[in-house]
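To begin, one chain is listed below as structure tokens, in the form predicted on its own.
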Amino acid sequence: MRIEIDRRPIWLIIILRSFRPIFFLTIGLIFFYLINLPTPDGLTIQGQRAIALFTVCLILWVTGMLPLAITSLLAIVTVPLLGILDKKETYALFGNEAVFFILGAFILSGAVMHSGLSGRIALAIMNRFGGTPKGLLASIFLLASALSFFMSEHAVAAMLFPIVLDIAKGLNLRPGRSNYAKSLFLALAWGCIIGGVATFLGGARVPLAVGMLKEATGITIDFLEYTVIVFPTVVMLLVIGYLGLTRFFPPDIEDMHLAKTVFERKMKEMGKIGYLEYAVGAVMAATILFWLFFGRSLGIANIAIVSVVGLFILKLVRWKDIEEYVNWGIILMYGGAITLGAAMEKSGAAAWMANAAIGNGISSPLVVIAIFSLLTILLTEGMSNAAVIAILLPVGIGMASRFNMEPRLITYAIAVPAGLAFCFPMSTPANAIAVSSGYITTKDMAKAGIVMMILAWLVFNLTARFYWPIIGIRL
């Protein structure tokens, strides 16, 4: 048995081991203090308790001292205990349509990946358009983006990563030194990030925001409506992203025949396309069409769950093949975030916080959108985008009425920028996966990502200013 001796100073060991209990004791004292303060004018006792709980969850989400899902469970159980909402209403919120849509989307995405269809499509496109350095770069970038329209961006990054890694090795690119290798892995990450905000399917943060909006106001946003709103932002960011990749890391390679060898070998290993891939592809295509054209009337969650049941009826998947793709922690996290958001809204806490925060210093809805989108895009670089939405959206919805704004606008101003994290590995799994290759450093990613983050914020706000009024959205 191997024995390791901790040679750190004893005072440091004591401090480190006592930090966690001191932290949670401090959290408890903060909560007790906020609960027992005199209730401010214009705020109900339920609202005061909701703000106290919100503050505790905010600290836990930002510090990561508890898993996101556990913090959300804490929120769910505390809301009825504090009398903010009754038990029946609180636990009913966990059955929100958004939660079941997210569950269905995870399973459908897993079925596509398990069948091998997504990998086959990726290889075919890279083989077809990857004859030149810029062609291969564009194919990886646009392919990652397009697949993230229909699958979780994290799953797309994980699926394409081994292919891009084999390409880098096959081309004998030097880790940390080759500009072309850096651009390939950054193209993978950026493509997933940009494509991930295009539809409800790229990440569960958009369904979360839509679910919180519906619980707070009764207003809903359907699949097609959201895509129409964000489409120009996505297109402009794809153009800017590709130009940025070629400028930040100009290709330092010309011969691409080794990459072709990688593609041909992998395609040969996959064999011919079979019934399973055709069938899963047909189910996924039909599901997306129903989401686009019947989502409002039938409900996107209903469509998702019916499609999932269809997969099992047709024996296209088995549960043991799919369960690894279902992130139960994310589902718990989103259920808790929706519950906390509803508690903030229905208790009046969100509106009170909004009025206290802005005072009379803001006079334009466009400024509100700019501020919330900026806060979101900055916060999402350092913490979970779901946590960012859970923190900002209740306050944003409370602020909307003050400016006679549609709450949908605030939802867009938070939900879309929450997915645009370009700077750091901890910002999103797509970035972390790219850096894990060893071919691009955190410094390289941050230098390019900061520029991309600023441009993304500008593009989003320009779209809101000039495009939204064209399609009938009044600011």
Partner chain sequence: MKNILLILSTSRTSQDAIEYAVGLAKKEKAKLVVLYIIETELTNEVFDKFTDIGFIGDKPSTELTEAIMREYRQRGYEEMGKVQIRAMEENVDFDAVTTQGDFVEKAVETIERYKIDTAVAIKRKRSAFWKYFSKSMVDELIEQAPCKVEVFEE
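Numbering follows the first chain given and starts at 1. The structure displayed is predicted, hence computed values, not measured ones.
Below, we refer to the form predicted together with the partner chain, which is not included among the displayed structures.
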Thinking of L165, G203 and S436 as the candidate spot, does the partner chain come within 4.5 Å of a heavy atom on all of them in the predicted complex? yes
In this chain shown alone, the residue from L375, L332, L142, V326 with a heavy atom within 4.5 Å of the partner chain in the predicted complex is V326
Only hit among L392, M113, L123, L245 for heavy atom within 4.5 Å of the partner chain in the predicted complex is M113
- is_contact(S384, the partner chain) in the predicted complex, heavy atom dist at most 4.5 Å: yes
ask   = Is S152 close enough to touch the partner chain in the predicted complex, meaning at least one heavy atom pair within 4.5 Å?
value = yes
- prompt: Does F106 make contact with the partner chain in the predicted complex, using a 4.5 Å heavy atom cut-off?
  reply: yes
task: Classify P67 as contacting or not contacting the partner chain in the predicted complex by the rule of any non-hydrogen atom within 4.5 angstroms, answering yes or no.
output: yes
Here the chain appears without its partner; judged in the predicted complex, the stretch of 318 to 326, 397 to 405, 366 to 374, 209 to 217 with heavy atoms within 4.5 Å of the partner chain is 318 to 326
Within 167 to 193, the residues having any heavy atom within 4.5 Å of the partner chain in the predicted complex are K169, P175, R177
